[in-house]
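Next up: just one chain, as structure tokens, the form predicted alone.
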């Protein structure tokens, strides 16, 4: 599914965070939204799935404007959208198996056997089948990200959104998560949007990069174009991150 955002605006208490955002992500490609911490990257991601309501604009997932949907229609649309939260958002009181089973039981008619097969398949893909009976409290930060990713992908979404997937992780684990995002992209051929300020992630997974500053994109282009850009704002960002 293609994602297209038109003239998206969002303010909080008079402070403009998103100021007429426009961008497109072609079906099956990966866009990375870069920007400093607190600049509004996560707000943009949450506006796309209406976890935060935009003030105005349009958000198309495929041919459907998400902002026109009622609650029931929105919930139906969200089955096609995976969201990896910054915190991984696992249920602390559930085992890994139960965390992955939750969306399947809620949104499908699969049998218990089919649910178990899906869980084991997805855990094998992220390399954590052995963690199936562990509690979230027993997992490292990197393991939680992997389990969170597995749960986000369990319904085979057509669109995948990643909110700061490597925040708080060491450089080695960050590279592992980046590779995993790339592997999952190739396997499931989803349309993906990755919000980050991590250039390792951006250069690893992006087909296109969008740099957010002062409520709008100041750069749109390929990773190669980004690295070679003469724009001072891009040079400033790179000098802080490299």
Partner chain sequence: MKIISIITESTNRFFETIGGLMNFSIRFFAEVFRSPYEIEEIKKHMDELGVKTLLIVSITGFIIGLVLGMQTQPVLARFGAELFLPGTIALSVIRELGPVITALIFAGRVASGIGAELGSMRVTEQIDAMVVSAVDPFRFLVVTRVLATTLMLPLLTIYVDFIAIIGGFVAVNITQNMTFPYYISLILDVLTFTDFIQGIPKTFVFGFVIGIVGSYLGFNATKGTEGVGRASTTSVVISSILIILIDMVIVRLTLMIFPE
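Since the structure is predicted, the reported quantities are computational estimates derived from the model, not experimental observations. Numbering follows the first chain given and starts at 1.
Omitted from view is the form predicted in complex with its partner chain, to which the following refers.
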> Of these, 158, 78, 97, 144, which has a heavy atom no more than 4.5 Å from its partner chain in the predicted complex?
Replying inline: 78
> Would 5, 197 and 217 all count as contacting its partner chain in the predicted complex, using a 4.5 Å heavy atom cut-off?
Replying inline: no
>> Is it the case that residue 87, even though its partner is missing from this view, gets within 4.5 Å of its partner chain in the predicted complex, heavy atoms only?
In response: yes
> Are any of the heavy atoms in residue 109 no more than 4.5 Å from a heavy atom of its partner chain in the predicted complex?
Replying inline: no
> Looking at the partner-bound form in the predicted complex, is residue 64 within 4.5 Å of its partner chain by any heavy atom?
Replying inline: no
>> Considering non-hydrogen atoms and a 4.5 Å limit, does its partner chain approach residue 49 in the predicted complex?
In response: yes
>> Using a 4.5 Å heavy atom cut-off, which of 98 to 106, 166 to 174, 113 to 121, 126 to 134 contacts its partner chain in the predicted complex?
In response: 98 to 106
>> With the partner left out here, which residues of 196 to 213 have a non-hydrogen atom within 4.5 Å of its partner chain in the predicted complex?
In response: none
